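So this first bit is one chain, no partners, the form predicted on its own, shown in structure tokens.
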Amino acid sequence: MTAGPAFVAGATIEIEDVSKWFGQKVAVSDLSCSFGPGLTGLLGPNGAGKTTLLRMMCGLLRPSDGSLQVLGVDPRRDPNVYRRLALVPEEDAVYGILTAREYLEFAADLTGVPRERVDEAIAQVDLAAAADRPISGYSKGMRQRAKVAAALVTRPDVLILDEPLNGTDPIQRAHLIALFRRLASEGKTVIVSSHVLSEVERMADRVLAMVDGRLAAAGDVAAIRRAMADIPYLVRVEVAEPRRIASALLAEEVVGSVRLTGAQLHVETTDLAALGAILPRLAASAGARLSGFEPEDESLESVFRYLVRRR
């Protein structure tokens, strides 16, 4: 496998030059990357190809071109991999007439694992109080937890989750995020596709972003932002004598623009480190106290917005 931020050592999933098309529509185009132990966030706008990629990882779709291996095998050719791989689909793939306990027992029977694992999986998603109620009466968030529990019955080494936070309330989201992080810390490969950017930022060790079926960026959020050298940084500065400092900043080569809002300056710069060195000097010469210096656009949401804007 090629080196770079899109690839990891000790990969459990390897994707090489993979494309998938449906007639004239190209869903995934010439994509190469890998996944390993830990938690990876997979991001992209609607239609970016995320779900198609996840389905190919699980063997539900065959790549039109390229190669894909999970745990060293092609999931389309070796069904034994499904004992170690689990998918939580975005769709409500549950049987409403069953209780959660019956649903998990069905999942255990299908995969040939002991039913004794059912209670363990129910406890992992905090669903014990409702485990014997029909799923048809569940809220969206509870159905999501039931789907996650069904995947966990097999104790998979690779867990793939497509929008698992949809419909969950803040308490449910916090519980699921903690669960995913714990599984990742145990050496599992956990891949979470989500549009809830702030949540992905909290839980993911690594982020892969897809736009128009291609890999747009990979790495942690700070690394992706640093790689976007053509986009100036936006920094919020809190300083006494803001007008005087703003005037001095505009004379600096690394500063593109300065906007004043009350006592705050919003500075566009091409060199974050250089600006960090310049500001204390300017503040000292003006006898002004510098009390704040914070990049405004290093969140996952802003980085993602930049990526999509490039389409």
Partner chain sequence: MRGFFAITRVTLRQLLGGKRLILFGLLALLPPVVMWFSSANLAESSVSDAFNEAPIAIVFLIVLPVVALVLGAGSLGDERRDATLSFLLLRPLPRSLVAGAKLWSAWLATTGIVGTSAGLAAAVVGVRAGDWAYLVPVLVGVAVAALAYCSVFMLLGYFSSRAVLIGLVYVFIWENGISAASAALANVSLWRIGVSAYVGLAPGPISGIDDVLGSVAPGAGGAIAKALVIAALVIAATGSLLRRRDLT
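Residue numbers count along the first chain shown, from 1. Model, not experiment: these values are computed from the prediction.
FYI, the form predicted in complex with the partner chain isn't displayed, but the following is about it.
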Segment that reaches the partner chain in the predicted complex - one of 180 to 188, 165 to 173, 208 to 216, 84 to 92, heavy atoms within 4.5 Å: 84 to 92
Touches the partner chain in the predicted complex: Asn80 (any heavy atom, 4.5 Å): yes
Contact flag, Ile224 vs the partner chain in the predicted complex, heavy atom cut 4.5 Å: no
Residue contact check: Ala150 to the partner chain in the predicted complex, 4.5 Å heavy atom: yes
The partner chain contact in the predicted complex: Asp126, any heavy atom under 4.5 Å: no
The partner chain: the contacting residue among Ala107, Val235, Leu159, Ala204 in the predicted complex [heavy atom, 4.5 Å]: Ala107
Listed residue (Ala286, Ala246, Cys58, Leu272) with a non-hydrogen atom within 4.5 angstroms of the partner chain in the predicted complex: Cys58
